[in-house]
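Taking the form predicted on its own, here's one chain by itself in structure tokens.
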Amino acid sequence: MLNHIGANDIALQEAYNQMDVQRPPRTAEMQVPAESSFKVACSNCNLRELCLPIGLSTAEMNRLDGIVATRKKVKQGGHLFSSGDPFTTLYAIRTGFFKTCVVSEDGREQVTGFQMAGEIMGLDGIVSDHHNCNAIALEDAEVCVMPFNHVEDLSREIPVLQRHVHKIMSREIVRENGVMMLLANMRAEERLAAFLLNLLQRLHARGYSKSELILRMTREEIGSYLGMKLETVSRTFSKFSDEGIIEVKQKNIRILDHEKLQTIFNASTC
């Protein structure tokens, strides 16, 4: 949760809970995810506190280890899943960064979210047993594969896991409400300020700097997600830079005046 923001803004913040920064991207290459042959132990994963519920016993954690079938690696530009694919699996992102998007009949892409290490992907397929969006790696990534029928079975036996799955689903609803609020009520400066603040908060929770970040998405993808034209995104970045709020060096962003950035965002909630 962003610092100094009240409880009434939770929905707005959840609209941005789709981003992270990891390693520098490699050369783009479309590739079907490769499946790793070694077993993954959730109990030994340094992301377990991000994607697993708190309070699991040792025995329950061992049972959870059993439903993580394999890992998959996805090259930058590759699809983890595509719209129309049968839904059978949830994915926990171990490393890397993804975007989800839908494509209109005339070929226009709309970015619907950004997903980071420690988050669960694939929930869109539950309603119809088919995915309704594309999940594309924005850098080389690796995910843990969890067959959904196994997750369902174990959730019935472990109440804390069931509540966690429900919370993840609820978070998606809250996020969608936040996006609607964002697109309806906020000016360009407020949208970008909230976007950067949330990104900083989430990176810091993972041990990254409080004031520096690397954007893994393009300006065009940011605009698609925030409901802004590419020119508006670029102009707003330049405005923040000219006012001494941020320093921009291509995808490297350094926050020079965190308080002023917070003030810009807070103006949208007054």
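We number the residues from 1 along the sequence you see. Source: prediction; values computed, not measured.
The same protein has a further form, the form predicted together with another copy of the chain, not shown here; the description that follows concerns it.
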| Gly118, Gly78, Gly125, Gly96: which sits within 4.5 Å of another copy of the chain in the model of the complex by any heavy atom? | Gly125
| query | Want to guess which of 70-78, 135-143, 178-186, 196-204 is within 4.5 Å of another copy of the chain in the model of the complex, heavy atoms only? | reply | 178-186
| task | Kindly indicate whether Pro53, Met61 and Thr218 are, all three, within 4.5 angstroms of another copy of the chain in the model of the complex, using heavy atoms. | result | no
| field | Any non-hydrogen atom of Gly84 within 4.5 angstroms of another copy of the chain in the model of the complex | value | no
| So in the model of the complex, does any heavy atom of Val111 sit within 4.5 Å of another copy of the chain? | yes
| 4.5 angstroms heavy atom contact with another copy of the chain in the model of the complex for Thr236 | no
| Using a 4.5 Å cut-off on heavy atoms, which residues of 149-173 contact another copy of the chain in the model of the complex? | Asn149, Glu152, Ser155, Arg156, Pro159, Gln162, Arg163, Val165, His166, Lys167, Met169, Ser170, Arg171, Glu172, Ile173
